[in-house]
Ligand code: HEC
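First, one chain by itself: the form predicted alone, in structure tokens.
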Amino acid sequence: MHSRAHATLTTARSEQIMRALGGGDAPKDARCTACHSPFQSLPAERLVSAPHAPTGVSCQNCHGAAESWLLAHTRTDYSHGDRVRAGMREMRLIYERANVCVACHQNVSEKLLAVGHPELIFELDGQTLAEPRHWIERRIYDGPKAWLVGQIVALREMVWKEQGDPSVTARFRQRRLALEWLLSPLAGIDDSLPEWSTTVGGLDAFARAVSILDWDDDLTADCFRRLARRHGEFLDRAVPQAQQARRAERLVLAIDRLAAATQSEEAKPAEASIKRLFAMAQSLPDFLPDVFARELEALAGRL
């Protein structure tokens, strides 16, 4: 998918977005290539050789400039530390991986969203599993922990943007509040975690702490139950329907990732219920909080 990112800019949808922005050529516009083909934005003097045809997102966009590590990084006698010391960006730790990936997988300008660019929801676990495996996991991969660290980093970025960007819209605030709502009950899953805080620094510290937890199936099940048992909150008439729809959007993605990692028999009867919850959350304008609450209550009852 990364190698094909530039091709997305040649589609009819990209042309439509550029017309709405007042014109321009998406495959060459820095507002688009910054994420879809980052090397196009680099001055020629930064490149060792002349650029080839547009390459989409290359290895170096994630792993750092390759001049010092390209020839040696596949050597079998090279350790992970050797590669990092040679200039490769640290990606083994899920906290570091989240920081690298969130930059393009969530941060889209409000102007682009306003003219039809799809909203992006950063989700580290699912997106890691979708990436063709070109690395070796030297430790057990904990999908739920990767999911949670990624969500905390995503919230940190949203809080940071809202503090520094006066152009953020009501839609952006709804999405930030929905993610904050989703994560708040998970703050107490382990006594070693710092106090929950929605400041930029507090979220960063929390993400670091979660990333080094000794994760186990009990923690996954605890997160799963805490989220599934929030059905009563969708009956709160004081919360606008649009905000409830944003909450549901985040919640079904979270439950899906946690259920996928749950090996116990109790998770199997939940599959059909999760599919129904997904369907209910697909259309934000048509979202029905009462119906969603009943299905979520039924799911909680199956756990």
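Remember, it's a predicted structure, so these values are computed and weren't measured experimentally. Numbers follow the displayed sequence, beginning with 1.
From this point on, the text means the form predicted together with heme C (HEC), which you will not see here.
Distance criterion of 4.5 Å from any heavy atom to heme C (HEC) in the predicted complex singles out 58 from the list 58, 40, 243, 262.
Contact with heme C (HEC) in the predicted complex, defined as a heavy atom within 4.5 Å, holds for exactly one of 251, 258, 26, 277, namely 26.
Heme C (HEC) is not shown here, but in the predicted complex it comes within 4.5 Å of a heavy atom of residue 107. Using a 4.5 angstroms limit between non-hydrogen atoms, residue 101 touches heme C (HEC) in the predicted complex. Taking the partner from the other structure, heme C (HEC) in the predicted complex has a heavy atom within 4.5 Å of a heavy atom of residue 36. At a distance threshold of 4.5 angstroms between non-hydrogen atoms, residue 293 is out of contact with heme C (HEC) in the predicted complex. Residues within 4.5 angstroms of heme C (HEC) in the predicted complex, judged by any non-hydrogen atom, belong to 133 to 141 and to none of the other stretches in 208 to 216, 195 to 203, 133 to 141, 169 to 177. Contacts of stretch 5 to 23 with heme C (HEC) in the predicted complex, defined by any heavy atom lying within 4.5 Å, are made by 5, 8, 9, 11, 13, 14, 17, 18, 21, listed in sequence order.
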